[in-house]
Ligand code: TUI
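Given next, in structure tokens, is a single chain: the form predicted on its own.
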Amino acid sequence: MLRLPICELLSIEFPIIQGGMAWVADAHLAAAVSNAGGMGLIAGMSMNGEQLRAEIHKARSLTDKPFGVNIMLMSPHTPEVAKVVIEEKIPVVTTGAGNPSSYIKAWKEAGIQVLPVVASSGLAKMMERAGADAVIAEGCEAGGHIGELTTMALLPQVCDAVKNIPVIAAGGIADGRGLAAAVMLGAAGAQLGTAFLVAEECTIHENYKKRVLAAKDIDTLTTGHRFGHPVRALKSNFTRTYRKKEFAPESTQEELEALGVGALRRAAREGDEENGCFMAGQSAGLQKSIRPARQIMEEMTAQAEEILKGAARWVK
């Protein structure tokens, strides 16, 4: 069985963390992934403190295994959700879209393991100095908010940059080949987002799952580059409209932000194929069927183990 350092750090069976996808990573998915042997996460981005607390309580009614919370630092609710994870004794927090340094000390004092998502080696070193337990190096193949570097370029540089904490790979990893490659680049585990969009236990709208299953390798695009907030999603009426307006000289940042408000919720919860933003990574083309979360992780780790065991045949 494939046992990587993240398994010991987080006391999990599979070396896999489920991504904190807003409007996707709810109590049901987090509990299912944790029950299946991974580390499930609740996405806190769209919630205020009390909404997050209610979702945490719901997850605890569905699992007795540990699960975490993802906090998107660009959210206006960040200060209150940062307190809620302490009050609720959440064991693991991941962060994205910013620098969590101002919160790490309080989280660590509360016994929380902190795993920030980083898109550069510079931020990774800063997070190590601030006391992070691990960093998640996420390449631009990922869905949602992304940086500029690919996973293959970013991951080994982050592994070289930090000296005393594990590095978890994210972005474009959707099967055992991707996991094995990440391990060879120095990863101590992997975070998956797009792969869990088609988990049986994922509660997103059926239209969203169908779009992921129908996707090919070229069926995602990024928007938001003009004002410095790139987002990867499946090609759709919304993303094409957004991209056209993004590069129109008369468009303002405020107009584009207003256009994007609620688009992910409309996709994930309403299945709105005209006005929804179906966030997904470039690995969407590898998703071929809906299956339980445990099967996703079992198949991935078994394939990775087989590949890694067989790699020695190339060394003479």
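Residue positions are given as counts along the sequence shown, with the first one as 1. Computed from a predicted structure; not experimentally measured.
Omitted here: the form predicted together with the ligand. The next part is about that form.
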Only one of 194 to 202, 113 to 121, 174 to 182, 81 to 89 gets a heavy atom within 4.5 Å of the ligand in the model of the complex; which is it?
113 to 121
Is M45 close to the ligand in the model of the complex, meaning a heavy atom pair under 4.5 Å apart or at it?
yes
Exercise: N99 in contact with the ligand in the model of the complex, heavy atom 4.5 Å
yes
With the partner left out here, check for me: in the model of the complex, does some heavy atom of P166 sit within 4.5 Å of the ligand?
no
So, V231 and the ligand: in the model of the complex, are they within 4.5 Å at any heavy atom pair?
yes
So which of A153, A214, M74, I218 reaches within 4.5 angstroms of the ligand in the model of the complex, heavy atom to heavy atom?
M74
Would you mind picking the one in L29, M279, M39, V69 that has a heavy atom within 4.5 Å of the ligand in the model of the complex?
M279
